[in-house]
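The data below hold one chain only, encoded as structure tokens and taken in the form predicted alone.
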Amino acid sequence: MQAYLDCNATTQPLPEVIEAMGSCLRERWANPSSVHRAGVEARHAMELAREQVAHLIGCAPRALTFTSGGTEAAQRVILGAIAARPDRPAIATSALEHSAVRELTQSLESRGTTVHWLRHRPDGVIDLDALDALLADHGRSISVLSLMWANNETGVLQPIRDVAARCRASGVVLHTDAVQWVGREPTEWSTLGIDALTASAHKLHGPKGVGAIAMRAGAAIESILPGGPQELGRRAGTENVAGIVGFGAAAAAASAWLAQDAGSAACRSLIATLERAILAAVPDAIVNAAGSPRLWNTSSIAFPGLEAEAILLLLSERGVAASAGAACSSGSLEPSPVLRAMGLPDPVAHGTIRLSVSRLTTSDEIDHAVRVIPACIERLRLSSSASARGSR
């Protein structure tokens, strides 16, 4: 039995996505900018996909720009907003962002850009009072504020609509990294009041290598990638038609799933069931940000005193795929910057793993994980105790 619980890293492509992409590669492989019939057919397939993704997000098709993925999408928005407003040279973001945003911001800061790091509560939710104070003091100098909607490591949700209202009042462009949100919850673009939203196909059972930007008409964001007429002149380069078609098929499937209340309710119970079982079997386990609003599919759970790397390796041996939301460095797994920024004690941060599910996750997978995870934790604790005794 295998349990794939690493869906925030990537999701399994749907059969209809694979079929749509294969058909495109076989039959509609022409350059969509060409004026001959083959090019027109490729263009038609791509524009149908644009409509499908736009429907999922709730925006107009012309508001969408396709990119090579979520990282490019987010970075192009931020850099484009800075370029569009030289009179507003500062930016604002959170230390809890995905590395695509956080590391870009750190790089800009090292080269002289003023960065305002947003304050947040210990549970990872943005401090709106502190944001009010920041915008009152520095709002006129900030070009863009970037804040992810659903955290990729903890699942914590940010009050995007509240932040959007504040940014609009200050004339600050608001970008939200919605990579983990889109396809898992209704997006309702028209009610958000944001300027730009970015998404990625492979987080919602589409292909890797394709993302999208939804942008408000008139938003102060310069051309994302000049050099050609593609994507209404916003991003040059021949489009990845097969990937975009796959994104469209995944978006259509996600829209249908979101419309089925019974199906989504069953999926939403998976993480809650998993957390309850683990906490009952491992009394000192801790669910990070347990009291905060969280995305239904994500659990950041800590086993204090253990190392996440050892946990993940043992889980993998026993058929459970999970992650730590951190990168290996010199053979040791360091706690992620997100966990550090939340102020988690080292024994908690070092022992944190991330479990994330999708709408394809089955109850059998959850049952398998419930059997395996406590047993692995017990084995590692016994091994750790034996090592400690042997070193005396």
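Fair warning: this is a prediction, and the values are worked out from it, not measured in the lab. Numbering starts at 1 and follows the sequence shown.
Keep in mind that the form predicted together with pyridoxal-5'-phosphate (PLP) is not shown, yet the notes after this line are about it.
Looking at 116 to 124, 199 to 207, 214 to 222, 290 to 298, which lies within 4.5 angstroms of pyridoxal-5'-phosphate (PLP) in the predicted complex, counting heavy atoms?
Among the candidates, contact is made by 199 to 207.
Is V156 one of the residues lying within 4.5 Å of pyridoxal-5'-phosphate (PLP) in the predicted complex, judged by heavy atom distances?
V156 lies outside the contact set for pyridoxal-5'-phosphate (PLP).
4.5 angstroms heavy atom contact with pyridoxal-5'-phosphate (PLP) in the predicted complex for T71:
Although pyridoxal-5'-phosphate (PLP) is absent here, T71 would touch it in the predicted complex, with heavy atoms inside 4.5 Å.
With heavy atoms only and a cut-off of 4.5 Å, decide whether N152 touches pyridoxal-5'-phosphate (PLP) in the predicted complex.
Within the cut-off, so yes.
For V172, is any heavy atom within 4.5 Å of pyridoxal-5'-phosphate (PLP) in the predicted complex, or not?
No, V172 sits far enough from pyridoxal-5'-phosphate (PLP) in the predicted complex that none of its heavy atoms falls within 4.5 Å.
Among I244, A250, V77, V179, which has at least one heavy atom within 4.5 Å of pyridoxal-5'-phosphate (PLP) in the predicted complex?
Filtering the options by heavy-atom distance leaves V179.
If you check H98, R268, R318, H138 against pyridoxal-5'-phosphate (PLP) in the predicted complex, which one has a heavy atom within 4.5 Å?
Contact residue from the list: H98.
Within 1 to 26, which residues come within 4.5 Å of pyridoxal-5'-phosphate (PLP) in the predicted complex, counting heavy atoms only?
Residue within 4.5 Å: N8 only.
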